[in-house]
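First, one chain by itself: the form predicted alone, in structure tokens.
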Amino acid sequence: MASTILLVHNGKQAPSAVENVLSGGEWRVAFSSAADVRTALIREAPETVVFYHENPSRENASRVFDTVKTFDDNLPLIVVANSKALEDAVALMKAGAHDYFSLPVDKSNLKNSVAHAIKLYGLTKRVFLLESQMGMKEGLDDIVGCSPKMLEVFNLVQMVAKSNATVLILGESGTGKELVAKAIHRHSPRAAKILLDINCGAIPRELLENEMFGHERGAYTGADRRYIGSFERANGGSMFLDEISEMEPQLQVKLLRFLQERNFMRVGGTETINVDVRIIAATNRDLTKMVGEGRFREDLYYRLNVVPLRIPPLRERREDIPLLAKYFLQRMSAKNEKIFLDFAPQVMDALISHDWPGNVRELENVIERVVVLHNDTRVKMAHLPPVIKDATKKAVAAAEDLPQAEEGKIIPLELVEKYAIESALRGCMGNVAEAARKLRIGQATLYRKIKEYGLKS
């Protein structure tokens, strides 16, 4: 695939003298005015920018330079200017230009400079990608985490995987319940066999029964041949029943019978089929509440709830956010051939402060959006979506919301300390360890102060 050069101009149109040198060869040339360079960078993803500087105004050039360098600090920028003034060339080279040419341009030198810039950018990308791929991931299989709560999950997964016990995975949407189910299967004696998954909330009841248990030929109109269901195909392996809470009552009865007897009949059939299948179920709902309301069978609940395994939401394990964010950044950079390596400190603070109602899936989507829409080596605040930047501003405002003393009136030190701790806890979304770090006191001291002032962390 041909490399793309973005030819930026600040006149009415790109100069033919420069365009003719770059076009018709090994490169693809895209065009942009100086005013639209940001949009063009996102749209074209060039490997070099050539800026035709028609009117030698340093202020105009500075705007283009700032836009390009903010987008991707490593992207080479070559200037072709309608000026022979040495001070202009020196100023632009100091600003970060890869090369500088004045009109009339030497075609051979310009082509060589562009070829060198593209090669340099490609090498830089490969080096950054290699460095990012060498980073180690903490966690289990595809599940990332090092917090005490996640270490407990990893321990439970490894213990329960060795058995044939039915597992019920509980957790909010986006916490990674499917990844946990896959980890249980991969670490079990059934790993060599298949793991099949069914989303009980995405398939209508009639089709769900058919998908689970299969049907005989002639079982209903259109059933012109026998269909082998998922339970039969998963014999010797595992079945993952996601969103089990959405299963309709009639089908709950049939699933209960299967869990009790480990056999079933196909729809329209009379033959009893025995299978050896391990059941792993998951839900983001409160099944005990649903049982109390009569919307989920109590006997089925106890059959499924042999080993409950709760996945904590991301807001309860904020110490995992840096690890997860870096893991997704490495993965998305490699996938999109970008060179992001890390995060600006204020960006990581913003990610840690956000509540993440969509949990790990939301964090992954945010990182992917940043990588797709920007080119840089570091994620900056400008790259984040408004919802996270706004939440950060509110957290900062809350942390600074201390009582103001009237003129000539002194606020007791105890009250100031109490407000400072309250504000820090609000700003850190209840994370005591983070609040202690920002208050520059020990965590044990902070816990003692919280108890002393009757505060809630």
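Since we're looking at a predicted model, the values are computed, not measured. One rule holds for the numbers: they count along the sequence shown, beginning at 1.
This next part talks about the form predicted in complex with a small molecule, which is not shown.
Asp72 falls outside the set of residues with a heavy atom inside 4.5 Å of the small molecule in the predicted bound form.
Taking the partner from elsewhere, Glu364 is found to have a heavy atom lying within 4.5 Å of the small molecule in the predicted bound form.
Shown alone here, Gly229 lies farther than 4.5 Å from the small molecule in the predicted bound form, counting heavy atoms only.
Taking non-hydrogen atoms only, Gly237 never approaches the small molecule to within 4.5 angstroms in the predicted bound form.
Heavy atoms within 4.5 Å of the small molecule in the predicted bound form belong, among the stretches 203-211, 97-105, 325-333, 185-193, to residues of 325-333. In summary, among the residues Glu178, Asp355, Glu368, Asp286, the only one with a non-hydrogen atom within 4.5 Å of the small molecule in the predicted bound form is Glu178. Think of it this way: in the predicted bound form, the small molecule has a heavy atom of just one of Glu319, Asp142, Asp342, Glu298 within 4.5 Å, and the residue is Asp142.
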